[in-house]
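Here you get one chain, nothing else, as structure tokens; it is the form predicted alone.
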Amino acid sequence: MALVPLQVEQLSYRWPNGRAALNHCSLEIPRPGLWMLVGTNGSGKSTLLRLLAGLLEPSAGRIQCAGKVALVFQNPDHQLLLPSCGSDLQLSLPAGLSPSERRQRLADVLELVGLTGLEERPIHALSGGQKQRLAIAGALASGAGLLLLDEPTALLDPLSQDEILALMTRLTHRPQQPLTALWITHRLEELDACDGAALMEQGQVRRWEAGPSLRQRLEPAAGALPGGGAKR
């Protein structure tokens, strides 16, 4: 039986001041696809992603991933380090590739995210949406099969928001090598595009349900979410 992409059991995390961020949190992503978490500030969403990415060490519990994990930040400027698209992607490539393999991997991931031919483009010349595409390309270049996206559309204009969502929908539903993505959002309309959605409250993830159903349930109380509504 194939391993599920992600399994989290009884995960707990406390900040140095003793405050609990996660409280016996359990979560399973059963198959590749686009999966979304929504919840108020302080519910533990970003802490969970950082634990999954290995940036934090849990106080208790177990994390099992079927493959490599990559984290995509809300602000791509926080993870794009080198001057050009190609040079930045070089940082993400696995060791052991020949020069020709490295060139082909870069061309392939740039094509996947709609940035074909931009290897030499300075990063400062990219739009916000293009920078986020490049950050996703870096995750792909690393060979990650599970992408963790922390509000990846929050800083983008509406057109770029739609483009990033469409890109991840396509990447997670490719006939060959579909990705698994865990996406944090405050924009309730994004839930309509996912394979499953869950509410995170008080350091725990509730059960998966259909995105449109969760959106319909949350919208009457959307003022409780940061931004005061479905759109942000």
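Numbering starts at 1 and runs along the sequence shown. Fair warning: this is a prediction, and the values are worked out from it, not measured in the lab.
Although not depicted, the form predicted together with a small molecule is the subject of the following passage.
- Contact annotation for the candidate site: 42, 47 and 186 all lie close to the small molecule in the predicted bound form (heavy atom within 4.5 Å).
- Here the chain stands alone, but in the predicted bound form its contact with the small molecule, taken as any heavy atom within 4.5 Å, falls in 33-41 among 172-180, 61-69, 189-197, 33-41.
- Although the partner is absent here, residue 151 sits close enough that one of its heavy atoms falls within 4.5 Å of the small molecule in the predicted bound form.
- Contact annotation for residue 218: none of its heavy atoms lies within 4.5 Å of the small molecule in the predicted bound form.
- Contact annotation: residue 214 falls outside 4.5 Å of the small molecule in the predicted bound form, judged by heavy atom distances.
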